[in-house]
Each structure stands twice: as C-alpha cells, then as structure tokens.
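First, one chain by itself: the form predicted on its own, in structure tokens.
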C-alpha cells in the first residue's frame, strides 16, 4: 500500500500522511464485505437502530475534535464545520425514526385465498464514492440508510476529506457495525477505479458531472444500480414585489456559505428590473460584511478553497465575463497565500454568453442579471443542462408556486435557498444526476422490491 499526504488548504501545510489502498487491498475489502453481508442482513432492525443511536451519541461527544479535523483538511470555517456535524444529528434521527416503517414488509392485497405482499430486500454490497465539501452530510446520506437496510458498504471518501471519512468509519465500528460490513477505502481516482471493478450491487456517487459520466459508462454493461448526485448551476429569481434587503441577505448567504463550495449553492441570480439596483446594493453590503481569514477562527465566514485547481476555474470565469461586458462589483481575484484563497466575487451586467452563468463555479463567485418579467426569468432559469435546485423570492405564494412549477429542478425554494431536509428526497434533473437520497424513498433506494404471491392451500 502507498501513502496519501493530506494538506491544509488554508496554509498549504502537510497535516497528515495515511496509508492508501491499492487494487489488491480494494479487492480484499470488497471480498470481505461480500462475505459479511448476509449475516449483517440477519441482524434485527432493533439492533441496527441501536448502533445508529450509539453512533449519534459518539458524534455529539467528539464534535469539537471532528469539526477541527474537518476544518483542517477542507478549509471550511470552524463554525460551519460544527454546523455540519450538528446538522447531521436530525438526519440520523430521521433515519432512526423512519427505517423500521419504511423497510418493513407491506401487505398489498388479500382476497379469494390469495395474499400479495411486498418486501424490501437489501441490494447486497453498496459502493459509495463520496464528496469532500460536506463529507459528514453526503457520506451519511448513503452509509447509514444502506446499513439500516441490511447492506454491506464500501465507502471511499474523497481524498480531500480522508480524515473525516476515517473518523466516520471508526465511530460506526465502535458503535457496533462489524469491520467487514463497512470498509473505508483510502485514495484518489485510482482507488475509485479499482472499486468500480469489484463485485458490487449498487454504486452511489456524489461529485462532478464529468466523473459521474465516466462512472456511468464504466458500469453500463454491468446492470448495477447506479445513483449519481452531480453538480448544479442553481438559479434564483427575485420578483418585483420581494423585499430587496431580505432577499439580498438571504441569497448572499446562499451564494457564499461554505465558500460557495456546495452543489446547491446559489450560482445565478435574476432580479426584476424594478428592484435590481436596490438588491445589488444590499447584496454587496452583505458580502462586504463577511469575514475572511483563518478557518479556525470562530468569526470567519469565508474560508479556503479546498482544491487548488479550482482557483484557475474561478479566474477563468471572471476573465470570460469581463471580456464579454460584465461589471466587476466585488472581489475577482485570488487572495494572498499561502493556501488556496479566492475573494468573494460579485458581477453584474452578466448574460448567458458567459461561462459564469452556464457552468458550475463551485466557489465564492456569483453573477446577478437584470430581467424584465417573470417569463424572462423562468426562461433563463431553465436555460441550463443542470437541474438541482431553484428558488423564487416574492410576497406572493401563489405566484411562487406557479413559477416554480415551470422550473426544471429536483428541489425548489420559496423565500429560502441552499437548504436540505432529511424529510424530503434529494434529487436532480438533467446533468444534475439520477436517483435520490433522503426522505423515505432515500431509505428504500438501498433495497430492491420483492413481490410475494401467497395462495392459501
């Protein structure tokens, strides 16, 4: 096995070196998971739920240390790292509250001596290639419901969130999940490729569209259940009747929280021409008030960019927009090093000729476009190959519902943004992916239906 070096994106400092997997170790872990899965499926639901409760308690007990690790390896401000871990707790509560009911056998019909019944059978061995931007949220959206459904899990955290992935695995093992039932795979793309070559029954991936597309092509001939949670270019429309200040403050947070490194970050804003200028002024004031600096400082709001190559993507989008007539209103360049820093950036006079309004930014970068009316806003919101989230700010709920019904997105928001609920399924349209997590359906997605036809003698 080789070594994986882990660096702090805020300072460039090497903070850890861990053993990485190779093809042989991935194959061995996959074989062990396959051998262990049947016995795990026989464990009672009550015991599986007890394990998740113990896991939850361990997260609460170790939250500060887990948050520090998360901040050091991904550059997320420490207050937001704590928010992620605290926000995970109600998701775990939802899984615990709903799993027994969602996964129980269902009577469908009885009559004439015939009974029809539906059961939810574990897929078997589930592979999870996870993301670095919210490793605790995204990883547990798959790992916990998959385990509750009776699957073994091969979990590859992003190489940029390895320490958090290892901590998650450790806590689940300590809570009672057998070692072979949950295996953590450490490494980069080569480990992910080795995982795809194994005997698996489902592949759940969160990441970029390009990588998701390669995974789909690799597995196409294998008929393996595939779920892909990919990127977004999430739009929001601010109608003429909206409160410009309240909308601007909410959307500035939606665009810049987690340094804009969220698949559901607000990435495009359309504002009715009647309130455009007031909205922009309030938005700029909100961004100016966001403290930037050491992610370990509890008052820091904008942290480091996790992946250094993303800095060039952000620079290119700014340059392209300015060359095509956009106006730079804030930021626009890298911050001082060491580490990976980019200033919170706002551009106006933007349009859809610009990469900024078409391709995922995944950073603290936003374009604000003036529109004439609702119809123009909806047309622009739908002018994308993505379809993850979309929102409308307005005083009129009926108008919001009518507009959002016309928008192609898996999740829609009225007077809010950048929000995920464990009670609702999380899914995308178009290049934002296929399949879902969360909600009751997000528990059942780790099973296959088995239909029973039972005739009395």
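A quick note: this is a predicted structure, and the numbers were derived from the prediction, not measured. Numbering follows the first chain given and starts at 1.
Although not depicted, the form predicted in complex with a small molecule is the subject of the following passage.
Only one segment in the set 293 to 301, 162 to 170, 338 to 346, 127 to 135 has any non-hydrogen atom within 4.5 angstroms of the small molecule in the predicted bound form, and it is 127 to 135.
Shown alone here, residue 387 lies farther than 4.5 Å from the small molecule in the predicted bound form, counting heavy atoms only.
Under a 4.5 angstroms non-hydrogen atom cutoff, the small molecule in the predicted bound form has residue 206 among its neighbouring residues. In the predicted bound form, none of the heavy atoms of residue 238 sits within 4.5 Å of a heavy atom of the small molecule. Within this chain, residue 362 lines the site of the small molecule in the predicted bound form, having a heavy atom no more than 4.5 Å away.
Note on contacts: among 325, 87, 188, 178, the single residue with a heavy atom within 4.5 Å of the small molecule in the predicted bound form is 188.
Of the residues given (367, 75, 231, 122), 231 alone sits with a heavy atom within 4.5 Å of the small molecule in the predicted bound form. Judged against the small molecule in the predicted bound form with a 4.5 angstroms heavy atom cut-off, the residues 263, 307 and 426 are in contact without exception.
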